[in-house]
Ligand SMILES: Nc1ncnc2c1ncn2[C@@H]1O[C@H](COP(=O)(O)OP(=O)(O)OP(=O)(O)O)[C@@H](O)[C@H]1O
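As structure tokens, one chain now follows by itself in the form predicted on its own.
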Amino acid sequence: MGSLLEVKDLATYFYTDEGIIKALDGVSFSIDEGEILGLVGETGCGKSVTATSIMGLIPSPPGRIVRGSILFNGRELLSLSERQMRSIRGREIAMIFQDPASSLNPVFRVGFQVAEAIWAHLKTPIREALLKAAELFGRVNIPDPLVAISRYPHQLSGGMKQRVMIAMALSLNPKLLIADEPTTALDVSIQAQILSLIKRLQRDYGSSVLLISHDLGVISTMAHRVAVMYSGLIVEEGRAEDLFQKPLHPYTQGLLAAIPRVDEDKSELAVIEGTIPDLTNPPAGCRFHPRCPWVMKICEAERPPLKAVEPKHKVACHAYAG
């Protein structure tokens, strides 16, 4: 299978009174057809900015994509007009946002909100679009779909709202689904249901998925490949089983060491010393070097490239320069 999405050297900056925030500063990765890529990292590393950059939804001002390439299905998205991007959003690339409560319009029935997307792109009569919405509600396990389409968002639980958002995202059978922290606001039992639903629908529809999360447990159960993000950059990328069994970057190792394990008797969890760098004035060289236990002189001066050091396993670290 070939690559559906190729992101190369993507840089997205935000121009503020406090300075230029370099939210993304050279991000590169790809997603193959039918693949789930997990994008993981702590809060503020640039995961959501990556998603909104792909969707062409960076607020301008203050944000701007200053360089790079986003090649989707052989088409350069950064060269498209806003009108051309609107024809792609929803139909070819769809997104599930973090908070369904803020993504749904409180004054419209949820069935109409799903049907509206179908009508706008396919010009399907609204009655047929509503029946399609009900069918989609059934596919995402919303009880009594024909009744549910007449509900308002405030009449649904958080889990049901997220199912509505998934139905909306899948309404036009997109080639790429971006799920940005899709289970953040949900309790653990509902999280498991939503993740299982996304995986089943991805398999049924054959879509590719960019799954964004700070939860390594979620990523380990869902993703085929994983990209680890730190301070606006990808620092490690590889097959999920390789990355979790043999993490190479010291930051990835620190993240995994901080996860509590039932087979280990520890009184304290491991921590990564230091704090996340200020993106208005990031460190020179490797951005992780002020917190890195392996730091060398070269780390303070030169940014390490993301390169393959094992088959299908890339890392950005000077320790693997040999």
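A residue's number is simply how far along the shown sequence it sits, counting from 1. Here the structure is a predicted model, which is why all the values come from computation and not from measurement.
A second form of this protein, the form predicted together with the ligand, is not displayed here; the remarks below concern that form.
Looking at 48-56, 26-34, 286-294, 250-258, which lies within 4.5 angstroms of the ligand in the predicted bound form, counting heavy atoms? Checking each option against the 4.5 Å cut-off leaves 48-56.
Under a 4.5 Å heavy atom criterion, is T43 part of the interface with the ligand in the predicted bound form? Result yes; T43 sits at the interface with the ligand in the predicted bound form.
With a 4.5 Å heavy atom cut-off, would you call I21 a contact of the ligand in the predicted bound form? Flag for I21 set to yes.
Using heavy atoms and a 4.5 Å limit, would one call L279 a contact residue for the ligand in the predicted bound form? Because a heavy atom of L279 falls inside 4.5 Å of the ligand in the predicted bound form, the answer is yes.
Find out whether any non-hydrogen atom of H214 is located within 4.5 angstroms of the ligand in the predicted bound form, and reply yes or no. H214: contacts the ligand in the predicted bound form.
Proximity to the ligand in the predicted bound form, single hit among D242, E181, E116, E92 (heavy atom within 4.5 Å): Of D242, E181, E116, E92, the residue with a heavy atom within 4.5 Å of the ligand in the predicted bound form is E181.
Considering the ligand in the predicted bound form, which of Q98, Q202, Q193, N141 comes within 4.5 Å of it through any heavy atom? The option sitting close enough to the partner is Q98.
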